[in-house]
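Next up: a single chain in C-alpha cells, the form predicted alone.
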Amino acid sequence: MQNLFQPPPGTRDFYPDAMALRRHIEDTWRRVSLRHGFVEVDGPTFEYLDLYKVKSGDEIVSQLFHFESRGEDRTQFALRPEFTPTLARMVAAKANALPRPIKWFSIPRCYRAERPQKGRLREFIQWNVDMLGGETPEARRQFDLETAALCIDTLREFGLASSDVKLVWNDRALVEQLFALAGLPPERYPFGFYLLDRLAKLAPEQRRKQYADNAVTAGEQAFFEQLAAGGDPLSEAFWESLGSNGDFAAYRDAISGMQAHIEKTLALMGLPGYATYDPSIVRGLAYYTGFVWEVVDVSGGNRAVAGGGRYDKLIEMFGGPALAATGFGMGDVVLALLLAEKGKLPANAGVSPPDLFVINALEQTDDAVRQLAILRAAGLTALASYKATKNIGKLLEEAGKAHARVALILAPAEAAEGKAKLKNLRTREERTIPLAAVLAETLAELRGAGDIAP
C-alpha cells in the first residue's frame, strides 16, 4: 500500500545514519564550546510572540510559526526561530546575579515559516554562542575575537581549513565612515546598512527598484553599483571614479589596523589565515552595534555557514541593564552540506559500530544472555543475533554487516570445556579463551586495536 504521509516540507526524518551525523555535529559543537569555557543553557521551544517583535519588529510575524492559546485570553505564542531573544530575556531576568563575563551556548531546534531552499529549512538545529560583559573597549575587542575564535576552532575540529572557509568581517563604525566618504547623510545610514546587506543577492532590476523607491541620489547609486560590481573601497581607483574628496586614507588605515589586530590575535590563538575584511558584511539586523562577521564557503557554493557580531543594546531592549554582548549562530543544515561537499564527513558518520557481537551456536541462550549483560555493564556496546540459525558462518556475516570489531563465538565444543572463541573481525585472528575471562580478554583485544583507551 502506498504511504500517503510524508514529512512536512522543510523538515527532516532522522534515520539512524542521519541521526548519527546530527549527533556528530552537536557533540563537536558542545565539546569545543566547553573547551573554550562556555556553559550550556536552553529555554522553551515556544515563547510569547511579542518577544520576537522586540528584536525584529512586526515584520518578523510572517516568518514565524505562531498560534493562539486556548481559553479566553487568546495569548499569542510562536515557535522559536532563533535563541537570541530567549537568551536576552533570561539574562535580563537575572543579570545582576550572573557571574561576569557570561559565556553561554545552546543547541536548540528552531523553526522558520519560510520557503525551503538549499541550506535553509523550516526546522533546523542551531548552535548559539554568546559572551556578555566587558567594561572596557579592550575587553570588548577581546570578547569579539574570543567568540570568533571558538567558531573557527570548531570548524577546524570538523576538518575545515582556511582554504575551505573564511571569517569575513566588518565593523559598523567603519561602515559609517564608508557611507560618509560616499556622501550619504547620517539619516540615510539605516537604509545604507539595509541595502548593503542585500546587494549581492539583488539582480540589477531589483537594485534599480530599491533606488527608485528610496530616492537614492545619482552619487549614492554610483557608490552602491561600484560595490555590487565587486569594487574595492580600499583602493584609490574606487574613490577616484566616484569623485570623492573624503579622507580615504584614514578609512583605509583604520581597516588595515583592525585587520592586523585580528590576524595577530587569531594567530596567537593558533588560528592563522582565517580572517579577512569584506566591506559587504554588515549583518542587516539593526541590533548589531559594532564588529560583525560571517563564515563563508571559499568556493562560494553555499550560503553563510555562521554569522554574528556585537549587539551592546540588546539586553536593554528586553528590560535588562546596559550590558555589552557579542555572539554568533551556526545552523546544522549548511554545515552538513559543506562537510559533505568538502569530503569532511567522518568515516564513522553512520551508526557507531558495536564493540562486540555475540554469536550463539548453543541450544540454550543462558550463556549468551549472561555474557551480554557482563559486557554491557562494563560500558561496551554488545549485540547478538536474533536469528534461529546456528550456522556460525552465517552469523559471522551478520556480525560483519554490523561492522562489529570483535565476535564472541559460543559453540558446543568450547562451551563443554568452559571456553569460547574470540575473533578479531578486522584481522580475522581467532583464539580460544575461558568463559570466565570474556570481559578481560575482550577489553584487551579492543585496547590492543586502539578501539578503547588503555
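These figures come from a predicted structure and were not determined experimentally. In this text, residue numbers run from 1 along the sequence as written.
The following text describes the form predicted together with a further copy of the same chain, which does not appear among the structures shown.
Practice prompt. Would you point out which of 289-297, 321-329, 337-345, 105-113 contains residues with a non-hydrogen atom within 4.5 Å of a further copy of the same chain in the predicted complex?
Written response: Single hit among the candidates: 105-113.
Fill in: Option touching a further copy of the same chain, based on a heavy atom within 4.5 Å in the predicted complex, out of 411, 395, 425, 41
Contact check passes for 41.
Practice prompt. Name the residue from 254, 222, 93, 200 that puts a heavy atom within 4.5 Å of a further copy of the same chain in the predicted complex.
Written response: None of the others qualify; the residue that does is 93.
Worksheet item: For the spot marked by 51, 123 and 377, is every residue within 4.5 Å of a further copy of the same chain in the predicted complex through some heavy atom?
Response: Each of the three qualifies.
Worksheet item: Do residue 156 and a further copy of the same chain share at least one heavy atom pair within 4.5 Å in the predicted complex?
Response: Contact check for residue 156: yes, within 4.5 Å of a further copy of the same chain in the predicted complex.
Discussion item. Can you tell me whether residue 164 touches a further copy of the same chain? I mean in the predicted complex, with a 4.5 angstroms heavy atom cut-off.
Written reply: Flag for residue 164 set to no.
Discussion item. Is residue 432 near a further copy of the same chain? Define near as a heavy atom within 4.5 Å, in the predicted complex.
Written reply: The answer is no: residue 432 has no heavy atom within 4.5 Å of a further copy of the same chain.
Discussion item. Using a 4.5 angstroms cut-off on non-hydrogen atoms, would residue 237 count as touching a further copy of the same chain in the predicted complex?
Written reply: Result no; residue 237 lies far from a further copy of the same chain in the predicted complex.
Discussion item. Could you pull out the residues of 366-401 that have any heavy atom within 4.5 Å of a further copy of the same chain in the predicted complex?
Written reply: The stretch touches the partner through 366, 369, 370, 373, 376, 377, 379, 380, 381, 382, 383, 386.
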